[in-house]
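Take a look at this one chain, the form predicted alone, written out in C-alpha cells.
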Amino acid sequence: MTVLIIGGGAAGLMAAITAKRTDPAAEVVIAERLDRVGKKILATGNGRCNFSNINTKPVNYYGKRPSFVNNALKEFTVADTVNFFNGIGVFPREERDGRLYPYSLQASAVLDALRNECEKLEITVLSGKSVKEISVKKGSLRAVFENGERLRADSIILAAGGCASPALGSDGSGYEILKKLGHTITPLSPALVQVKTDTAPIKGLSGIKIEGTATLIKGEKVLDSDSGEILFTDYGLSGPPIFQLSAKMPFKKDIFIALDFMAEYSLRQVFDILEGRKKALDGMTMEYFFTGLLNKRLGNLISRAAGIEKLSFSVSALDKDLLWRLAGLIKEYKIKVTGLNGFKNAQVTAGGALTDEFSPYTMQSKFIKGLYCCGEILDIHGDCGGYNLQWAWSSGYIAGKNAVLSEQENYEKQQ
C-alpha cells in the first residue's frame, strides 16, 4: 500500500507519521515543493512555535461550517497533541491564555522532532517536488509532478496549505488541484494579519506602540475584543490583539475597531483623572496636558479629535463638555477598517475547500475515493494562539489514519 502526502507542513507531517504508525508496512511518501519540509513551522509563534492551546474548542474556528472541526478535535485532542510531542521529545511549556510552546522555546525543536520521527519510521521525503494535478482513472490515483513524472498511490492526502506566507510553502496550488477534480473552493482571504484602516484618525502615529484593548464592532454589535500591545502603522494597525481580531474580519464589510487606551478604568474614572489633571496643570497648554498619561503624539491626536485645534489651547479653559469628550475618545477611539494586509504577511488563509464535500470523520473527499484533505487547505481557520496548528495536528491525524484503514478494508473485502 502506498500513501502519498502532498505538502510537508504541519498537517502533512502529522498525516505521514500517523499513516506509518497505523500500518508500518505501508509505503508513506511526502512530496514537498520546497527544498525542505516544515519551513512554515519555523516561523510560528515568532520562532518559538505556539503548537497548541489548552483552551481549544470548536468556537475558536471559522468557515462556512465551523462544526466540521468537532469530530477531529474530539478524536485527537490537545492532550493527545501534548502526549504525541512528548513522545518524540518535545516537552511543553504553558504561557498566557493557555498557549503551549516547546519548553526550549525553539520552533526548530518541533520541526527537528517531526523530521526525526519521519526518518525513524522510514517515511520517504521527496523535496523540491511540486505536484500540478491528481489524475483519477478507473479508481486509480496518480500524482502528476511539474516535471511530468507520475506516482501512483492507493491514497493521496492533500495537505498543501492555503495562500498565506507563500515564501514558506503555501502558494495556493492545492486549490487548483482540487478545482480540476470538481471540488468547490470558497472565497479566499488573508487572516491573522495586520489590518488596514482609514488613516486619517491615526495620522502621525506610525511606529507608536500602546497597551490597550481593541474591540471589533459591526453596527451596534460587538464581534470580539482583545487586549495587549497595539502597533500603529502607516496603513493601519498591527500587534497581537489586532491579529486575533483579524480572524473574524474576512468577508465582513462596514466594520470598525474601537481602541480603549485606558482599559483598566471606567469612563467616569477617566473623566475624574482628566479633571484632576486640569487642576494640577492649570496655566499650562494642551501640548503638555497628556504628558505622563498617554503617548504625546496620541494625546495630541485625541485633542484634535475632541475639537481642540491648537495645542496652545489653555488647560484652564477645559470645560466639562470637553473633558467628557476627551474621556470618551480615550475609552472609545473608533477607526474604520478598510481591509486586511495581503497573503504575503498573513499567518493563515480564511476560506478554502468547501467542507461539505469532505467527511468530518475521515477527511475523505465525498467525490473521489482515496483522496483526503487536511489542514489549512480546507475552509477552516482559527484564532491566534495555537489553534491553527492544533487543527493541523487533529485533521492530519484523522486523514493519516483513515487513508490507511480505508485501504486495508478495501483489501480485506477483495480477499
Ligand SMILES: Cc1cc2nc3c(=O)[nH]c(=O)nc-3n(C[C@H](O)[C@H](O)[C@H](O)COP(=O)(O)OP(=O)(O)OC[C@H]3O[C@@H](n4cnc5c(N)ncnc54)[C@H](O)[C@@H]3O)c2cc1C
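Whichever C-alpha set is largest while still superposing within 1.5 Å between the two forms counts as the rigid core. Residue positions are given as counts along the sequence shown, with the first one as 1. If you're wondering where the values come from, they're calculated on a predicted model, not measured in any experiment.
From this point on, the text means the form predicted together with the ligand, which you will not see here.
- The listed set Ala31, Val69, Ala353, Ala350 contains one residue whose heavy atoms approach the ligand in the predicted complex to within 4.5 Å, identified as Ala31.
- Only one of the listed residues (Pro102, Gly212, Gly236, Gly169) places a non-hydrogen atom within 4.5 angstroms of the ligand in the predicted complex, and that residue is Gly169.
- Contact with the ligand in the predicted complex, judged as any non-hydrogen atom within 4.5 angstroms, is confined among 264-272, 84-92, 125-133, 333-341 to 125-133.
- When contacts are judged by a 4.5 Å heavy atom cut-off, Ala392 counts as touching the ligand in the predicted complex.
- Put simply, Ser173 is close to the ligand in the predicted complex: some heavy atom of it is within 4.5 Å.
- Contact check for Ile177: a heavy atom falls within 4.5 Å of the ligand in the predicted complex.
- Using a 4.5 Å cutoff between non-hydrogen atoms, Gly400 does not count as a contact of the ligand in the predicted complex.
- Proximity to the ligand in the predicted complex holds for none of Ala19, Ala153 and Thr362, with the criterion being a heavy atom within 4.5 Å.
- Of the residues in 5-19, those that come within 4.5 Å of the ligand in the predicted complex through at least one heavy atom are, in sequence order, Ile6, Gly7, Gly8, Gly9, Ala10, Ala11, Gly12.
- Relative to the superposed core, Ser189 undergoes a Cα shift smaller than 2 Å between this form and the one not shown.
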